[in-house]
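Below, in structure tokens: the form predicted on its own, a single chain.
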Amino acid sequence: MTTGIVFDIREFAVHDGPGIRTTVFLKGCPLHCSWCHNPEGQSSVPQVISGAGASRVAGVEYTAQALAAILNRQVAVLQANEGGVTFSGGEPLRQANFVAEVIDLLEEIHILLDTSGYGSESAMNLLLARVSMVFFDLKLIDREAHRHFTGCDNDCILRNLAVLGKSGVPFVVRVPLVPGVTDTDANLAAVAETVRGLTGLLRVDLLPYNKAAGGKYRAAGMEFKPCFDEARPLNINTGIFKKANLEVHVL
């Protein structure tokens, strides 16, 4: 039986896919985005989170059977609210075998994969064969800019986006708007050009920058060092996507 590390199981989530959902946050991510709003998901091992006079451990090891049992107890409620289960992170592709085994043990339910796309093509295909929908986080199209701001190039991300576009699985591209980094007209236009014409694309979601991330870093004993100006006004240019005949939402 495969085991995996989960740092949170959030019930009654309403922003992680259609309907009311339970979101499983997998620990470990190869990217180190300086704007990451789940810093406790970066490390692949459990860590202590301190705050408000109390501490907790972010990172619990589950067998696939144990996690599936927890989720199956919620299936009736999720189905009644047109929802399902979302696997997020961290990066779920990093624990693809575990996630696949959990899904195989679940009762009939809508499954959503929330991924940065950073992982092997085999991991991507393993999960695409099992999910109902994908949220694909697309940050930067320029390879060197991606490496500079996330610590990794985006070669496998763009490959997996192409795999997703050929899979027949419906998906939403989500772009975190980071001031002066991902929100530039040049990057947004590159995103629009990259995703235009991909089969299965439902829409593009623009996610305005969340300034609350800094406090989570301190609680996790990590240093928050944004390499951008948090105070800079966001460029929320939906017109670029509309011009490309893409449906776009600002969340």
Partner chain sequence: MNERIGQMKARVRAGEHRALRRKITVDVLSECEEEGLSWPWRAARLIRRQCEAEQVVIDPREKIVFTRTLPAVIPPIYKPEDWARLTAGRTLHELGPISNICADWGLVLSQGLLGRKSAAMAALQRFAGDKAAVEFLECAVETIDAVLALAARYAVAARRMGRPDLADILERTPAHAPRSFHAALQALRLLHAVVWLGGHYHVGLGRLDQYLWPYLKADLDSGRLDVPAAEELLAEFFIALNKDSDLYPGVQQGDNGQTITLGGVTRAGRDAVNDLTHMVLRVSRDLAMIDPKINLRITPQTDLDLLGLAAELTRKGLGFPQYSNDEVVIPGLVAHGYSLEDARDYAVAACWEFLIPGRGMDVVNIGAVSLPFAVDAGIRGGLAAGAGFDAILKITADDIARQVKILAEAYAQLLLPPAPYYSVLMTGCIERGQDLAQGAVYNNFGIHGAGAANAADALAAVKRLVFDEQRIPPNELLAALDADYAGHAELRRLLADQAPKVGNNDDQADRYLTALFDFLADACEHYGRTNRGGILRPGTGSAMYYVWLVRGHPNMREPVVGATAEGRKKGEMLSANLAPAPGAGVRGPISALQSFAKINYRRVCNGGPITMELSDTVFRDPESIRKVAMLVRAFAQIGCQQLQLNSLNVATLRDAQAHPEQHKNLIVRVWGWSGYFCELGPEYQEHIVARHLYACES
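On a predicted model such as this, the values are computed, not experimentally measured, just so you know. Residue numbers count along the first chain shown, from 1.
The form predicted in complex with its partner chain exists for this protein as well; it is not shown, and the discussion that follows is about that form.
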Handout entry: Within 4.5 Å of its partner chain in the model of the complex, all of G119, D153 and L158 (non-hydrogen atom)
Key = no
Practice task
Sort through L201, V60, I70, M222 and report the residue having a heavy atom within 4.5 Å of its partner chain in the model of the complex.
Solution key: I70
Exercise for the section: Among 104-112, 91-99, 175-183, 76-84, mark the stretch whose residues have heavy atoms within 4.5 Å of its partner chain in the model of the complex. Expected result: 76-84
Practice task
Classify R10 as contacting or not contacting its partner chain in the model of the complex by the rule of any non-hydrogen atom within 4.5 angstroms, answering yes or no.
Solution key: yes
Practice task
Report yes if any heavy atom of H15 sits within 4.5 Å of a heavy atom of its partner chain in the model of the complex; otherwise report no.
Solution key: yes
Practice task
Report yes if any heavy atom of L234 sits within 4.5 Å of a heavy atom of its partner chain in the model of the complex; otherwise report no.
Solution key: no
